[in-house]
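Only one chain is given next, in structure tokens, and it is the form predicted on its own.
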């Protein structure tokens, strides 16, 4: 019998066959390996700098199974603090967001400032000479870094720099960050929901162009009803479209947008009265970047997956989405809308309407997608069918967005981290 570490993936490049063992979606032992070998060793997205614009602003959230606090200290520095009191372990921050000078543990009232320093201990005179406040500051992740306003943490001291880790994904983050001269901002509010499905199914789905028409027929009918012509657009055979392996498990699909984008790509459904407004925005992009890069920023859409669990959908609006497994068949999902900081109220309303209409928890796409993912998970109960096929387009020289190259990029990296003992020994030695 094969070692379980060695048979999650079957790949025959000569024959163009790529398959994933469905145990990867159902096996609790596999999930434990993922927690140790992926979520403990990779850079994991925490939040955007715009979420903590002022001293004392904070966001508490669960990141890769850990409660943390994203906070801007009283010195203006962005930090991530581990949300556990160094006394007896209770969470020191129980609110989702706010502004605070201090975080006080509700259990015994130990108090920490916005830099994580221990600044108050009731009855401190009860402790001996060896008790030092400096030794009991809030914990911090091993590594913390940002790129273009996106902040990440990692718990592996041997991890490569965030810049190198992002590899080819940096180009696509730049296409998003360059949509504003003043910087991007996360729009107030957060979508939180769940799915009874394995988290890797959502990775696959997030840049799966193959499922678009079969799964989202209602949405494409809606676009036709509001006057958007999809003939020859990305509803069928997208012009100027491609899929790319960006290295380190990251991947993207990019394609010409048919439905308009609240950057500078007008479509009739936006209204004739707004046509000149969008044309003026587009001219400014042409002046800043030149016609070709401006066209790419304004007229193309992209679904970007950053390994392991960050998805940025820069389509009719910009959605930042993360997800984390609580069990092999259950995950929690969080999503935010991203927008240019200078965006006016009318454009913001249009962006949020597009965001909610398609990717909101009650929109056209998300309920369809969740139903399909949960249907896959239920189907995995048929253990006699042991493998999922992800071979589409494997022999194609230039992959289409309806091919599955982007998923294979994820799975190869996933399999390397989960199954390669030599890699793990090398990282341990480092």
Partner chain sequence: MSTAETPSRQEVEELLYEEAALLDEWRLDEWLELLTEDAVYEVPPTDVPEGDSRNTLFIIADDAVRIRSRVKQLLGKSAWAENPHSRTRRMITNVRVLGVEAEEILATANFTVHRMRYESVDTYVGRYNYKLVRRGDKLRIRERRAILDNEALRPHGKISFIL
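Being a predicted model, the structure only gives us computed values, none of them experimental. Numbering follows the first chain given and starts at 1.
Just so you know, the form predicted in complex with the partner chain exists too; it's not on screen, but the next bit is about it.
- Contact check for 170, 282 and 394: none of the three has a heavy atom within 4.5 Å of the partner chain in the predicted complex.
- Shown without its partner, this chain lists 189, 291, 106, 98 as candidates; in the predicted complex, only 189 has a non-hydrogen atom within 4.5 angstroms of the partner chain.
- A heavy atom within 4.5 Å of the partner chain in the predicted complex is found for exactly one of 248, 357, 256, 111: 357.
- Shown alone here, residue 327 lies farther than 4.5 Å from the partner chain in the predicted complex, counting heavy atoms only.
- In the predicted complex, the partner chain sits within 4.5 Å of a heavy atom belonging to residue 353.
- Looking at residue 371, you'd find a heavy atom of it within 4.5 angstroms of the partner chain in the predicted complex.
- Although the partner is absent here, residue 386 sits far enough away that none of its heavy atoms falls within 4.5 Å of the partner chain in the predicted complex.
- Between 344 to 352, 136 to 144, 122 to 130, 74 to 82, the stretch whose residues reach within 4.5 angstroms of the partner chain in the predicted complex through a non-hydrogen atom is 344 to 352.
- Residues are counted as partner-facing when one of their heavy atoms sits within 4.5 Å of the partner chain in the predicted complex; in 42 to 56 not one qualifies.
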